[in-house]
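First comes one chain, alone, set out as C-alpha cells in the form predicted alone.
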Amino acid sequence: MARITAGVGCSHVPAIGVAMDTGITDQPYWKPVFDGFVKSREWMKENQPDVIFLVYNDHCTAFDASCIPTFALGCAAEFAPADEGWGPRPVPVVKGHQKLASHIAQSVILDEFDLTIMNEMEVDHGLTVPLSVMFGETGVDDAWPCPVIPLAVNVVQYPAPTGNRCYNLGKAIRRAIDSYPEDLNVMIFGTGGMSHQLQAERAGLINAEWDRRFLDMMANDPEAARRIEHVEYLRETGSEGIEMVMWLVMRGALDEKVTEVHRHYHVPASNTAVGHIILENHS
C-alpha cells in the first residue's frame, strides 16, 4: 500500500528561485538562507520519495480574478513552469502521477471535499522553489527526481479556507493515499509563508516570535495550529502570512505524533521570513 512517510514545510519566496537560477547563492546575503537547506538535501537523498504531493498557492498564473478555486488538484501528466513576467524558471517540467492523482481526486471528493480537477495547468514559483531548495540546482534539460502531484489552494482572494478545513483535508488526503494499492513512498509538502506583507503601511512586516511558535506547533501541537483564526494570521503575520494555512494540509496528513528531523528559520530573504521544517511519521 502507498504510505506518507514524511512532511516538509517550506517557504516559497520567489527571490530564492532567482538566487538559484542566477548563481548567487554563495553571496553573503543569500548564503545563510541556503545553508539551512544543506541537511535537507542530504536527507532527501537518503529518503528518496516515489511521489511528492505538494500544496502551494498559484500567484495569478494558472488562475486569475475570473476563476479562483479554493482547492485545485493537478491530475495532468506534466506541468510546465509558468512565465511569471520574466520568462519561465530554467527548471525541468514537473511530471505528474496521474494514477495516484486520479485516485486521490475520487477518494477525497467522495469523502465530501470539493476539489477542482485540473487536467492542464502551469505551475509557478510556489511549487518550483520548494522543489529547488530540497533537491538542489537542476537544469531545464534535467528531470526532477520524482513525480509531483500539485494541490493549489486559494490564499490570494478572500475568503481563504480555514486552517481547520485545510487540516481536515490533509486527513482526507492521508486516507486516500493509504488506500492506494501500489507500494509508494509519498512525501507531502506544505508551502508558503512565513510572516510577510507585501503592500500598504505594514509592508515588510516580519513576526519572528510568532513564526517560531508556529513551527513549534507544527512539530508538537497541530491541534492548536488548526484552531488559529484568519484574523490572527492577518494581525500577527501580515496579509500574506495567511499562506501558512497550507502547512496545515501537510500536517493533517501526518501522524499525530511525529519526529522533527530538521528546522530552519532565517530573516530576511527578499522582504520575507523563510521557514522550513521536516517531520517524519512514526508508522
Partner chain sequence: MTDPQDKPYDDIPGTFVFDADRSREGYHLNQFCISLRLQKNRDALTADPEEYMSRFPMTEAQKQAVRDRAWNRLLELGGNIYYTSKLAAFDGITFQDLAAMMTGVSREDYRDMMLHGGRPIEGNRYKSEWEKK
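Predicted, not measured: the structure shown is a model, and the values here were computed from it. Numbering follows the first chain given and starts at 1.
Absent from the display: the form predicted in complex with the partner chain. The rest refers to it.
Chemist: In the predicted bound form, which of the listed residues (31, 39, 235, 257) lies with a heavy atom within 4.5 Å of the partner chain?
Modeler: Checked against the cut-off, the match is 235.
Chemist: Considering the partner chain in the predicted bound form, which of 179, 119, 199, 185 comes within 4.5 Å of it through any heavy atom?
Modeler: Contact with the partner chain in the predicted bound form is made by 199 alone.
Chemist: Can residue 78 be called a contact residue for the partner chain in the predicted bound form at 4.5 Å between heavy atoms?
Modeler: No, residue 78 sits far enough from the partner chain in the predicted bound form that none of its heavy atoms falls within 4.5 Å.
Chemist: Would you please decide whether residue 25 lies within 4.5 angstroms of the partner chain in the predicted bound form, comparing each non-hydrogen atom pair?
Modeler: So residue 25 does not count as contacting the partner chain.
Chemist: Could you confirm whether residue 35 comes within 4.5 Å of the partner chain in the predicted bound form, counting heavy atoms only?
Modeler: No.
Chemist: Should residue 137 be counted as a contact of the partner chain in the predicted bound form, where contact means heavy atoms within 4.5 Å?
Modeler: Contact check for residue 137: no, nothing within 4.5 Å of the partner chain in the predicted bound form.
Chemist: Partner absent here, but in the predicted bound form, which of 206-214, 111-119, 139-147, 96-104 has residues with a heavy atom within 4.5 Å of the partner chain?
Modeler: Of the options, only 206-214 has residues within 4.5 Å of the partner.
Chemist: Counting only non-hydrogen atoms and a 4.5 Å threshold, tell me whether 158, 267 and 271 all contact the partner chain in the predicted bound form.
Modeler: Every residue of the spot touches the partner chain in the predicted bound form.
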